[in-house]
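Next comes just one chain, in structure tokens: the form predicted on its own.
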């Protein structure tokens, strides 16, 4: 039985308790409110740039796009310009659909055995829906939180907040994205536990970001709906961070530091984890290249002159020995 998720759960539990003890008992508010956020951002920027440069330097000697449709061929054969693009515009459209709608995951199927050894293929729609809900709710939450780092708050952030909080039930108003994110990450976790093939190949590094994001969502929900948090003081702290005039305000609830610390851990961990696929998708040669292998000749740009030993030279060098061994030669 794969119990890797227990190690990740224990690690996130410890991370949840560290700022609570550090702020509530040790009083290290400057450490968790000022130093760690700056340190996490520096790690994120450095790690992100390093990964992108490393991928950019990886050789791609020829076109290797994945194709799921008819390529460009004869004029009377209809080309699938999205699944097998041959132009830059087709690649751009394909990338937009992939990033915004997870088009390849939408077409994913799962093999199952039914009634003995009969093979059946089923559309994996729930994984696509769960992944879509997770990524879009995460994106909405990030944009919505930009109100804490901008003054005045841009109009589109206010509009997004109004749309996200249209379900007005009591005070404070409910933001749907927070609960959707929690539900989506719970689904992705239980899917890894329930499907034995996925559970078998899952590592602790697969569970850790799920538990970490889960903890961030739970601490955010607690902070908004169950505790009294001084939002004005929180914004003064965040604005001090982005304007490089950091300040630690008194009276800020400990849950704010817990939430901030978990976010900092996620930011610092991001470039070195599988979460980096959000940046790597733009560097993937299977997605960002047009399929023009039958139209253009592609020469490896990393080719360099190497000494060659032709067969003629080989035979001239070993002709006598080849004759003694009874091997045929072209020239006597």
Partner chain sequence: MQKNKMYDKEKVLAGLTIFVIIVTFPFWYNMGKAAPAPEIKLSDKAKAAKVCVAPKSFMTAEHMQILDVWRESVVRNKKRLYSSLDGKNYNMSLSTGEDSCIGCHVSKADFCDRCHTYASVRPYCWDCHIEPKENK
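Superpose the two forms; the largest set of C-alphas matching within 1.5 Å is the rigid core. Numbering follows the first chain given and starts at 1. The shown structure was predicted, so the numbers you read here are calculated from the model rather than taken from an experiment.
Keep in mind that the form predicted in complex with its partner chain is missing from the display, and what follows is about it.
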| query | finding |
| --- | --- |
| Distance check, residue 227 to its partner chain in the model of the complex, heavy atom within 4.5 Å | yes |
| Proximity of residue 191 to its partner chain in the model of the complex, heavy atoms at 4.5 Å | no |
| Contact test in the model of the complex: residue 80 vs its partner chain, heavy atoms, 4.5 Å | no |
| Its partner chain contact at residue 153 in the model of the complex, heavy atom, 4.5 Å | yes |
| Residue stretch of 236-244, 182-190, 209-217, 255-263 approaching its partner chain in the model of the complex, non-hydrogen atom distance within 4.5 Å | 236-244 |
| Contact assignment for its partner chain in the model of the complex, among 146, 93, 129, 221, heavy atom within 4.5 Å | 146 |
| Contact set, 48-70 vs its partner chain in the model of the complex - heavy atom within 4.5 angstroms | 48, 49, 52, 53, 56, 57, 58, 59 |
| Residue 27 C-alpha moves between this form and the one not shown by 2 Å or more, core aligned | no |
| Post core alignment: residue 59 C-alpha displaced by 2 Å or more between this form and the one not shown | no |
